[in-house]
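The chain below stands alone and is given as structure tokens, in the form predicted on its own.
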Amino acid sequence: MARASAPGKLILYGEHAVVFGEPALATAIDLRTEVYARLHDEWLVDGASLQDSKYAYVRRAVENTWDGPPLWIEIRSMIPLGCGLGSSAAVTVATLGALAALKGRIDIGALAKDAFEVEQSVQGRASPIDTSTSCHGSAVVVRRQEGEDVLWAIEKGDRRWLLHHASLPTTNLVVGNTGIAAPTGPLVAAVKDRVERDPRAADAIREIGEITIDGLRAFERGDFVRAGELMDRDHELLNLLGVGHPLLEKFVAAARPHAFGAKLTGAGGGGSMFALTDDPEAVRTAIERAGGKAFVVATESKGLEAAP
């Protein structure tokens, strides 16, 4: 039997803009997905068929990288589904990690590329930031230019991403979940259409890229006041791109009096927001009073862990 574990992620800045080649910054969080795999006489996932639609990421990971006999696969996840916290990336990375462990060879860089291909094929259009963060742990920044601490490059068609390690202070973040699961693919496609039609949307994409680099620098020097201000502006721009939701606005407004800043995270259209704060209990209580489900997560240094 092989076991693999991979963390969820939270995008601090740059969602949607990263699809257009702008920078983005994500951190791994201390919610993880575990995948166990062992040889079996037929394909089963949690006792169900591998062809079940809810196992699309697992099935594609198997199809892309496994040429051995059937497996019994078990999934145990702490990451809520459809919340923008990287549940699909974590299950993809953990599945690929378990398969690699069964083969006896694990190459994190190659696995990150395989994981991106799985998400790309299932979602239709994706960036590698979720899967790379889940593979690497710590924090990951996507840049067009290669800088220090580069991890790997990923290419797709005419798009190319350079993934870099980033060191951020250990931080607690409060996540507010709307309970609304919005598919990533249609949201990404809608933003693409808006950017092509509206120059203001194209300008917003470029500004989000600038905010990402400024936000990274603010986090690196421990300036949470500035980091929070940049989160607030990023949130405004994401709303301009049409990926906001009334419940996200309600939770962000509830959190801000007790936080340095707050914004949606992930694809939007529902899902989750998060707040950067030095009083997580006050923020959690405020979001719950506004009708959300709130919980505290911590930044996570560990990425994929896999062993036979």
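What you are looking at is a predicted structure, and each value in this text was computed from that prediction instead of being measured. The first residue of the sequence shown is number 1, and the count goes up from there.
Absent from the display: the form predicted in complex with a small molecule. The rest refers to it.
- Judged by heavy atoms within 4.5 Å of the small molecule in the model of the complex, the contact stretch among the candidates 223-231, 210-218, 104-112, 128-136 is 128-136.
- Proximity of Gly261 to the small molecule in the model of the complex: non-hydrogen atoms within 4.5 Å are absent; the residue sits far from the partner.
- The small molecule is not drawn, but in the model of the complex it has a heavy atom within 4.5 Å of Thr184.
- In the model of the complex, no heavy atom of Ala286 sits within 4.5 Å of the small molecule.
- The closest heavy atom approach of Ala294 to the small molecule in the model of the complex falls outside 4.5 Å.
- Candidate site formed by Ile11, Val19 and Ala267: every one of these residues places a non-hydrogen atom within 4.5 angstroms of the small molecule in the model of the complex.
- When the small molecule is considered in the model of the complex, only one residue from Val195, Leu151, Val122, Val188 comes within 4.5 Å through any heavy atom, namely Val188.
- Taking a 4.5 Å heavy atom cutoff to the small molecule in the model of the complex, the contact residue among Val118, Leu85, Val174, Ala204 is Leu85.
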